[in-house]
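The chain below stands alone and is given as structure tokens, in the form predicted on its own.
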């Protein structure tokens, strides 16, 4: 579903952000993309959405090359939960935000409403349906932003720090939803315990390069590997020597 083949990217010619990275994410896989600040995680997301051009290499999503000719089709297949829900929620109410995408892609009002109600029920936030976005808390807005994307039923789901700013109850709820969602998912987060619970595989980026790619349980319990790349063990492994 997703393939990066020898991809490099630089915001400035002399400062490469990604350096010849290659990986493949198969259909139905849930993969955690981890790394310290500045490792290149956000750049990977932007490249996949066609928001940045790669200077070298090739990117494929849902069987299509990520280029200008295919961007509209690719973006219709990808749902993105942004790190800051303020940049994602732009309509007056939660319902209007959730309605915008399905209607924009040609669904009937009846089908759009069915998807909206199903997504709200899945996250147990039906009470937010007709609330104004500026009158809900930051945690509620994050949950609503996830519901907006679930209503789209994308083939590929990209999630950037989906549990950030959530209280323990809603964090657990989001983890359970992610675990039960069908489709292909790529999740970036500093919450390595959440990555362990939701992802069967982890890709570790450092200084714009892929430093490790393998089973989540193997990589996330490797203290030396994580600390060498400015990360810490998940709490579940913190006391293991």
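Quantities reported herein were computed from a predicted structural model and do not represent experimental measurements. Residue numbers count along the first chain shown, from 1.
Another form, the form predicted together with a small molecule, is not on view; read the next lines as being about it.
Candidate stretches 60 to 68, 43 to 51, 178 to 186, 211 to 219, one within 4.5 Å of the small molecule in the model of the complex by heavy atom: Flagged stretch: 43 to 51.
Among the candidates 17, 25, 226, 21, the residue which, in the model of the complex, approaches the small molecule to within 4.5 Å (heavy atoms): Exactly one listed residue reaches within 4.5 Å, namely 17.
is_contact(residue 190, the small molecule) in the model of the complex, heavy atom dist at most 4.5 Å: Output for residue 190 is yes: heavy atoms within 4.5 Å of the small molecule.
Residue contact check: residue 122 to the small molecule in the model of the complex, 4.5 Å heavy atom: Residue 122 lies outside the contact set for the small molecule.
Partner proximity in the model of the complex: residue 39 to the small molecule, non-hydrogen atom cutoff 4.5 Å: Yes, residue 39 is a contact residue.
In the model of the complex, residue 12 touching the small molecule (heavy atom, 4.5 Å): Output for residue 12 is yes: heavy atoms within 4.5 Å of the small molecule.
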